[in-house]
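This document opens with one chain alone, in structure tokens, the form predicted on its own.
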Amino acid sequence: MKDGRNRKRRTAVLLLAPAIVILIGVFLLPMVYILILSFQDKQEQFSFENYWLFVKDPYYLQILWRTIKLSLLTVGACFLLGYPVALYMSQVSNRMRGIITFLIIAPHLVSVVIRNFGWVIMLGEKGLINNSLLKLGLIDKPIRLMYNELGVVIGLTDSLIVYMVLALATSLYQIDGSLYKAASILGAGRVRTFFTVIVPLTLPGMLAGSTLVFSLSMSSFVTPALMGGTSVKVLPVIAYEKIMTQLNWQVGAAISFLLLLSTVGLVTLFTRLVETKRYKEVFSS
């Protein structure tokens, strides 16, 4: 019995070893190096100067708040647009479900840069949407849909909605169909069944999808840079400019680490609030 357990343990270690080595080499060691770099001044002496510069400057705090706000708006947009799709996927045949899944994933096989340029063509002042509205006489002059926060949220939603849909759909697939019948027998209509049965049981999917979308939004660089331009800067863009343009690696490293801490802290807080409150039984089941 004991030899069997040891054999299983050795097999698990051998299977996980390549992934652990790669993780340490390409993620953990570079992160440790960046952390050390963030606590150095220009003379490579230990200092809190880089973090103090961020905390005392309202410019950086404003960009941090904008990064969080855009990420939360993206989570909300992905949820509102993605939930009906996931709900429909849970109620159709396996064949139709596969087709819809392919249609959702297929656009993401194209580079995010190409897709963002597609949005530039659609949302620009002389783009398809503004030209159509002008020809229909609904507006007198082009609406600014690009190089503002709206454009960034549209681009991020397009890039990340697939994670929300798949996470929600996975939760919806696991709901026992007999619960719908039980709710109907007890007199609950479709709306009441949705809010009292379906929504609570899909909380794990909501949490997983929201966590993924929020984390990826916080660290997105290409979409905010292309859709927001120079007027909507976020922390990843500032970190890139500090490191690649100004060659100020110490401040760039401090900004990168603060971005990481903000993301992990907010996700952890949100997760604990959801899992330890009214619906904690859903997560423990």
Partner chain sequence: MIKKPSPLGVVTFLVVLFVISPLLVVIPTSFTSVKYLSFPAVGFSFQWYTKILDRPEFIDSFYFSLKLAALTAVISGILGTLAGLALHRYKFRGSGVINSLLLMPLTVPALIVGIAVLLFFTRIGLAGTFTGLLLSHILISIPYVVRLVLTGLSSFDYTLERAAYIMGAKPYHVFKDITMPLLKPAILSGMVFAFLTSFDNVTVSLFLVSPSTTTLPLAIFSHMQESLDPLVASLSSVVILFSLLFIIILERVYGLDRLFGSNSHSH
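All figures in this text were calculated on a predicted structure; none of them were measured in a lab. Rigid core (definition): largest C-alpha set, two forms, superposition within 1.5 Å. Residue numbers count along the first chain shown, from 1.
The same protein also has a form predicted in complex with the partner chain, omitted here; what follows describes it.
Would you classify K141 as touching the partner chain in the model of the complex, given a 4.5 Å non-hydrogen atom cut-off? Answer no; every heavy atom of K141 is more than 4.5 Å from the partner chain in the model of the complex.
Whether T11 contacts the partner chain in the model of the complex should be assessed with a 4.5 Å heavy atom distance threshold; does it? Contact check for T11: yes, within 4.5 Å of the partner chain in the model of the complex.
Using a 4.5 angstroms cut-off on non-hydrogen atoms, would Q174 count as touching the partner chain in the model of the complex? Because no heavy atom of Q174 falls inside 4.5 Å of the partner chain in the model of the complex, the answer is no.
Using 4.5 Å between non-hydrogen atoms, is S159 touching the partner chain in the model of the complex? Although the partner chain is absent here, S159 would touch it in the model of the complex, with heavy atoms inside 4.5 Å.
Look at the candidate spot formed by I100, I104 and V112 and say whether the partner chain comes within 4.5 Å of a heavy atom in all three of them in the model of the complex. Yes, each of I100, I104 and V112 comes within 4.5 Å of the partner chain in the model of the complex.
Quick one: of L133, L203, L87, L145, which gets a non-hydrogen atom within 4.5 angstroms of the partner chain in the model of the complex? In short, L87.
Since the partner is left out here, which residues of 113-127 would have a heavy atom within 4.5 Å of the partner chain in the model of the complex? Stretch hits, in order: V113, I114, R115, F117, G118, W119, V120, I121, M122, K126, G127.
Establish whether a shift of 2 Å or more occurs at the C-alpha of T268 between the shown form and the other one, with the two forms superposed on the rigid core. Result for T268: no, shift under 2 Å.
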